[in-house]
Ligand code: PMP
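Take a look at this single chain in structure tokens; it is the form predicted alone.
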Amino acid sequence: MHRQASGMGGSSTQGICDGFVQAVGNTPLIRLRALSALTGCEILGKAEFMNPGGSVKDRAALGILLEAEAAGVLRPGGTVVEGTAGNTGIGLAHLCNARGYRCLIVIPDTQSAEKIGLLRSLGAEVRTVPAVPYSDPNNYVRLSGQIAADLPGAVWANQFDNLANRRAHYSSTGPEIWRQCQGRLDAWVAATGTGGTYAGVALYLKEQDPRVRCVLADPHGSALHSWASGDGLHAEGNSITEGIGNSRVTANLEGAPIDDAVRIPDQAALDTIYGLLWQEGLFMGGSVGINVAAAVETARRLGPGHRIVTVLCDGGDRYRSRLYDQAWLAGRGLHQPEAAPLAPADAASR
């Protein structure tokens, strides 16, 4: 299937994309049939795993690079440096190959072996570091900024506080969702790490219709649920989920509309991604479990008859050794679901 690219990377002709850049964007919305039948709401997932780099982070990576090029700070042969939990780095590595830059990634050693290995396969220089809080100067984000400052010809992508991130979603993801829904949706639900996806889409949708409810989803171990609920920045518990949640309010998240917040336990997220696999044929990553479970809870809070959009961030292949491994889950006090928890989608649609 050929897809025209979003406005971020330029126009395409007759559905033919001119390279990787133009293939970013214009992902479909997928109706999650079993969950829609279960809740009485229409639950739609933005299929961001269909971006050419395999995740929603392709959009942020492209937006950051395009703005750096336009500002003249990123020049041919330069180096892009970033601290990332994986997916933004993967998007940057693809784009650096396509546009003639070197890529240097700093990543916590707690991230999946699949993502770290993929970054190296893509040709990025990868430096794994211990996972420490953002307040620590050895935090992976802080280290990446220092490396970029010390390296001639380097640019720090700074996805957490570089507003090019949320502008990419404001200019592409938000308008796509609005157009695909023909201006009729009741809620936007998404987890956030950098804040770019959630904030960019929320800001755009609120401009189109202030009645659209914007709901922040969050795992345990993150402070954003308590902050969004007006209780200040404090975290409870922990989570196996990678790349979402935060202990601080980033520049990308600051000022974004938040009408409600939902906290999702790891086991509920696991049950959800296994249900998506068994009932919808969708092999998804852990943050998708947080997003979709929060969309289901939002449906419960709103009641039947509403349309809710969330994001299917990435596929499950990057997490096979963790989320889809029974022994790994058991070692963290979680159980691998053994039977589909949802009514069969085909039966639900009849």
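These numbers were taken from a predicted model, which means no experiment stands behind them. So that there is no doubt, residue numbering starts at 1 and follows the sequence shown.
Not pictured, yet referred to below: the form predicted together with the named molecule.
Only one of 308, 294, 313, 32 lies close to the named molecule in the model of the complex, with a heavy atom inside 4.5 Å, and it is 313. Listed residues 244, 214, 273, 119 were compared with the named molecule in the model of the complex; 244 is the one with a heavy atom within 4.5 Å. The candidate spot formed by 87, 195 and 319 lies fully in contact with the named molecule in the model of the complex, as each residue has a heavy atom within 4.5 Å of it. Heavy atoms within 4.5 Å of the named molecule in the model of the complex belong, among the stretches 264 to 272, 185 to 193, 226 to 234, 100 to 108, to residues of 185 to 193.
In the model of the complex, none of the heavy atoms of residue 59 sits within 4.5 Å of a heavy atom of the named molecule.
Although the partner is absent from this view, residue 287 contacts the named molecule in the model of the complex, with a non-hydrogen atom inside 4.5 angstroms.
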